[in-house]
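This document opens with one chain alone, in structure tokens, the form predicted alone.
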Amino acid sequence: MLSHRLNIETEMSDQDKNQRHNQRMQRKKAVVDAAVARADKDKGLILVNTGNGKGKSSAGFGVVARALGHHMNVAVIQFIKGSFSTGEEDFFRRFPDEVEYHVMGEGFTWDTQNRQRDIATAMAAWEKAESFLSNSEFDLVLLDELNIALKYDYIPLERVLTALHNKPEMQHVIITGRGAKNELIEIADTVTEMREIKHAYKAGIRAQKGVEL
């Protein structure tokens, strides 16, 4: 008898939970639908991926893959990486008609140890980037690790801001790297900060192919 009553109470409790859940989801759907209805503009977006956590470049290349799925033309400039091959470079070079891929760095700053050479390398990469940022044929431009070049003052910030301000109206730009400048954050449409919680490297595990390389 007690077991039967408990089963009835449990069933009624589940019904109440389901009803409350449905009511919450109805309210949430109304809020989401209203927000979607208000978002009725189209424009080329500036996205900034920054922070000390991993995944900034990976997120950028994920958008590159998405853009290719929509048959968009893409340009990629890598400002710092370049002393070693990566999986994303090997993969996206398979699409030469859709992706202009330029690895123009010479490695991380602690490897090069030559500020003047780093400046010259970064400026050469930026001049290439400017050519894409002024070309409406490119729907998406990924400026990988540009934030690092700006952090070390290898490239004049004002020159970057001017190019972004004057880019084609519907061109999307993704900028990655730690320490994004406040001025860049200010003009960006979407800014994501990656926060490190735990990292395999600190446990003595080297960068793994297919995950980090």
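Remember, it's a predicted structure, so these values are computed and weren't measured experimentally. Residue numbers run from 1 along the displayed sequence.
Omitted here: the form predicted together with a further copy of the same chain. The next part is about that form.
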Practice task
Using the partner position in the model of the complex, report whether E186 sits within 4.5 Å of a further copy of the same chain, counting heavy atoms only.
Solution key: yes
Practice task
Consider E127 of the chain shown here, and say whether it contacts a further copy of the same chain in the model of the complex, taking contact as heavy atoms within 4.5 Å.
Solution key: no
Problem - is_contact(N114, a further copy of the same chain) in the model of the complex, heavy atom dist at most 4.5 Å - result: yes
Exercise for the section: Flag F138 as yes or no: does it have a non-hydrogen atom within 4.5 angstroms of any non-hydrogen atom of a further copy of the same chain in the model of the complex? Expected result: no
Problem - Three-residue site L47, S58 and A67 fully in contact with a further copy of the same chain in the model of the complex at 4.5 Å by heavy atom - result: yes
Handout entry: Partner contacts in the model of the complex for 194 to 211 (non-hydrogen atom within 4.5 angstroms of a further copy of the same chain)
Key = M194, R195, E196, I197, K198, H199, A200, Y201, A203, G204, I205, R206, Q208, K209, G210, V211
